[in-house]
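Let us start with two forms of the same protein chain, each given on its own as structure tokens and named structure 1 and structure 2.
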Structure 1
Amino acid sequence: MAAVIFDGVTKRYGDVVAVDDLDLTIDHGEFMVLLGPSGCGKTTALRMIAGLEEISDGVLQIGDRVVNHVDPRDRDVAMVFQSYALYPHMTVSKNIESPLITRPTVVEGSDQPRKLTKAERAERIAEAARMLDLAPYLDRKPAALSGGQRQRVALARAVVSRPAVYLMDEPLSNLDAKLRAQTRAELVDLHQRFGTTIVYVTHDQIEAMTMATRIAIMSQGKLQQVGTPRDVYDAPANLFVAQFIGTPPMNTAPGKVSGDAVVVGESRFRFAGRHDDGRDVVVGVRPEHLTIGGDGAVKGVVRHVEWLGYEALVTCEVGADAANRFTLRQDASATPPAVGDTVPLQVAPERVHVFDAASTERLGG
């Protein structure tokens, strides 16, 4: 196992800054997910760990070593790509075996990596195949496999070398929904078995929320927030994180502080804590924390109802601005309101988030 430490790491491509002064410590044995939209710098950060991108500024450590100028093959990492990157002319068994042949491997009870014997390689191939349900396919070539099976071969190839750090770049994005869910569970199980450090890149927040020990959220090359899935969901550091995490996303609207509430049009969202009167802010409420009812301090005009079987999503226009649309979750057993109805809405003050309008940073309670 090994920690991965970014200390002021920057990556530039000419005048474009892809990763900007990144400070991030990924602990021993942690499942860290780098999460963000396309172009946010998460894959570039992963490729710098792998040694596939040079570092423009700063220091990158894996374990006790600074690896800025260490060759990729000497970093003791294994990378799983979105595109599988399997050898098409090799069988599944040979694909899994390939890293064991090309470089020395860490062996239990030995201080130095070494080349494995044929018997040791066969044992590791069999173990990885059992773990990822690949035993029936060891003699097949990649063209004879489904997308999910190919991805499991790519994972098995990473597993056999037992590196200090696993690097995974959107490995599930080519799978269908059922296989994604199955492979997510396999990856979590893999992490629990080996306790190895995993750095995983995705733009899919469901993958991040269900697998990560901690999530590092990035936008435009900058780190926005690091925390457990619950931390970033319950206490987003800024408006970007608040709107990026959550399905449906957090409801937000601009308003002004007046006493113990944020005023949006004729509606008043009461909050916990204190903020300066007259301050321009953005109020935020998660869909599951907004319900129909209450004293009418918040009113909404129903604009859309989506019935999903297990729940309904009711979207209401709040305030005079038609852009201020708030979605709430309603239990499927309840009768949804009709489009065009004006309904009272309520939310507990402690569930109301307040962000500074200028900086977009979260304001404390």
Structure 2
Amino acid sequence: MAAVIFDGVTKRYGDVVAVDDLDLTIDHGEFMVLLGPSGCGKTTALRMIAGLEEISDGVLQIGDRVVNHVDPRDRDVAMVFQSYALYPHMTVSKNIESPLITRPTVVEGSDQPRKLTKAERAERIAEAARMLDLAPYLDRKPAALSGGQRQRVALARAVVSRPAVYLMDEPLSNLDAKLRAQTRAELVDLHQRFGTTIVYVTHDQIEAMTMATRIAIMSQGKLQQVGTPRDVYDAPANLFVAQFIGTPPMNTAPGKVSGDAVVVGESRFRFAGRHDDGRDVVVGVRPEHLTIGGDGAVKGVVRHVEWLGYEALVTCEVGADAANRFTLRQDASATPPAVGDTVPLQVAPERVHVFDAASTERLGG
């Protein structure tokens, strides 16, 4: 059963289209990450699931229910906000209890949600606190907690009502790098243990790649691609996705199809599969798939070498056009070429991505 379905959902603020005709099915138990650059409409999409934004057009379903006009409290969702939105005047314990006070809650062994008794609430608080290591802090106010602890309180407040769907808006962005990595692992663990549906918004591709079961990539309000982290990395649906995912980003250059290769200047990038001769395309190669050596079908002039300790990034100009800069990752132990050298480059044909120059869509085999 699908947990959330967007069917042609659009959100407009006056003339601004924040989310444009979104079709997306989020399956039950999925960890779906909405990924995209700032302002692409991720938060808006998430807030529409929560019911905090009205839907301008289209149909939104949670479970098998159309929720376009359902009050947020009746949607059986919980949200972790970017600011955490903890209640500063309440203790941690009261914060965690808060979602259980006014709403009927789903309880095991009964299909009718009901209000919990005080004892049941206490039990739920204790359970959430145990799960997130918050037991020692239950009587503190949020101001007396560290950033990581606050983040865990926000999570505890979400899990306590055991909602059908968890919504998270960049919940890790206020943590330092170490804590972020640790919390990432905890979230994945949480997801696996309880098999809950999570919709997670971020602009950080590392978070997306490491946690998601599927990623939905958005740009300017439009959905670009949905797929597993592998899918979107190995077979990006268009140029935007190709360049958005991966660090350093995929190398691209405009060229023309000729036989079994894309010609860029004097270089020929052989591809697997078939494309129409003479077609204007953009060729794409990830830095880790490009190596120095081979038969010299592709040649580059070294412009820049960055030695990072664990690897070196070598930037070459391909095809005599200064705009066509290709970066390749070289093992740190190899001797990097000197700047100004002309070097042969090679890439396996099945690693060459070809995009239509006009539509920027991926051209399959």
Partner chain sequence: MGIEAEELVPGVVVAGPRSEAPPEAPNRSWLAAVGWYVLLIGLSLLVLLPVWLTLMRALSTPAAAVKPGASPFLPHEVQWGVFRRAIDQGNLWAALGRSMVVTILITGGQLVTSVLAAYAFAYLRFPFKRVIFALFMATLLLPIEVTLLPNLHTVRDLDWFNSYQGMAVPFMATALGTFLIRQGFLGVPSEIRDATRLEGYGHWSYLWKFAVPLTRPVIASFTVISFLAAYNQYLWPRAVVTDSNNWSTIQIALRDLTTTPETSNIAVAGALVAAIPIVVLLILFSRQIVQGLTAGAVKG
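Keep in mind that this is a model prediction, so the values were computed, not measured. Quick note, the numbers are simply positions in structure 1, starting from 1. Note that the rigid core is defined as the largest set of C-alphas that superpose within 1.5 Å between two forms.
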Between the first and the second structure, which is the form predicted on its own? 1
Rigid core superposed, CA of R124 - does it shift 2 Å or more between structure 1 and structure 2? yes
Threshold 2 Å Cα movement between structure 1 and structure 2 for S83, core superposed: no
Any chance the CA of R103 moves 2 angstroms or more between structure 1 and structure 2, core superposed? yes
